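This document opens with one chain alone, in C-alpha cells, the form predicted alone.
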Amino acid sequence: MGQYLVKGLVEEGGHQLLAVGRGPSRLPAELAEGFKYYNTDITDGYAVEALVDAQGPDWVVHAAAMTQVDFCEQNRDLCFEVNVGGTENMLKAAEKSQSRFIYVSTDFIFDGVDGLYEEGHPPGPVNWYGSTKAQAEKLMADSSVAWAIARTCLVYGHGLGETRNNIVSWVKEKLEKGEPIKVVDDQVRTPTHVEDLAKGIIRMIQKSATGIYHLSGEDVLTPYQMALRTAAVFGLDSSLIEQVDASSFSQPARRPSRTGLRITKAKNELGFAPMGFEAALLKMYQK
C-alpha cells in the first residue's frame, strides 16, 4: 500500500514526500525523483523523533506493521514492539512536530460475530495481531495530534517493487501450474484492492479528514469465492480449488469468521469509490 500511496502522491504533484522503511527502498526507480527515502526502524524512538524533527512534515501516514497473523501469535513481544511501540514512537514524534496523523488499521480488531462493521462498532479482537492493532488505535484517542484511522480488509494487488504474495496472486500462480489448492469458505471479508486503499488515504489527506474511516471493497466474499472468481476471470481450472473450512488447517492464531467493512461513510464524505473485484483482477494483470 505504501508503494501505491507514494506513486499516487508523486503523480498528484505539489508534495514533498519522505518515504520511510526498514532496509533499502523497494520503490521502483522511476519514482525516485519524486521522494526522499530513509531507512528507519520505527521501534527506535530516538531515530524516529530525529527524522520527524528534521523534516517537520505536515502529515504522517503510518502504515508500517507486523501483519503475518500466525507469526504475531507466536512472537507476541516482537509484535507488540512493532505494532504498539512503533505506533507510539510515531505519534510522539508527530505530536512534537504538530503533524497531522493517519494510522492504517484492520478489520481484525473485530471479533467476526456481527460483521459487516461500521466505524463505531466496539473492538473485540480474537488474536494477538488484532489486539495490538486495537491497542494502537487506542493511542490515537489519547494523543494531541489531529488524527485519522483508515481501517481496511484483506488487501490484494501487485506491488510496484518487491512484495509478498497475496491471496489472488497465490491462487492464480497455483492454478496456472495445475496445482490443487484448499481455500476456506467460512470466513467472510470485503477484499480491498491496494490501489483503492491508497486512493482512499489520499482522499483523507485532501479532505483533512479526522476520525475513523473504513476503506475496503464492496464485494462481500469468502476466500473460496475469491478463488473461484479468479479462476473464472483468467480461464483457469476451478476444479483444482477445494472448498474447506478453517478447521482443515492447524493455525496458531484464530481468525474472525465474518468481518468485512461498511464503507458508506467513506463514500459519502471522501468520495471513495472502490473497483469491483473482477475489474480489480483485470487491472492487476493488464498488459
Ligand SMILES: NC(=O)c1ccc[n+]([C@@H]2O[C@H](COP(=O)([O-])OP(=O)(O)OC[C@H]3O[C@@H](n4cnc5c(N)ncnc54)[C@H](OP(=O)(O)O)[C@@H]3O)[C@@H](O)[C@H]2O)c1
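Everything numeric in this text was worked out from a predicted model, so none of it was measured. When you see a residue number, it is the position in the sequence shown, counting from 1.
Beyond the structure shown, there is the form predicted together with the named molecule, which is absent from this document and is the topic of what follows.
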{"query": "Contact test in the predicted complex: Ser105 vs the named molecule, heavy atoms, 4.5 Å", "finding": "yes"}
{"query": "Contact of Trp128 with the named molecule in the predicted complex (heavy atom, 4.5 Å)", "finding": "no"}
{"query": "Contact test in the predicted complex: Val233 vs the named molecule, heavy atoms, 4.5 Å", "finding": "no"}
{"query": "Proximity of Lys36 to the named molecule in the predicted complex, heavy atoms at 4.5 Å", "finding": "no"}
{"query": "The named molecule in the predicted complex: contacting segment from 52-60, 38-46, 225-233, 250-258, heavy atom within 4.5 Å", "finding": "38-46"}
{"query": "Selected contact from Val220, Ala65, Ile241, Leu31, since only one has a non-hydrogen atom within 4.5 angstroms of the named molecule in the predicted complex", "finding": "Ala65"}
{"query": "Contact residue in the predicted complex, chosen from Leu154, Leu175, Val183, Ala148 - any heavy atom within 4.5 Å of the named molecule", "finding": "Leu154"}
{"query": "Heavy atom of each of Val168, His214 and Lys267 within 4.5 Å of the named molecule in the predicted complex", "finding": "no"}
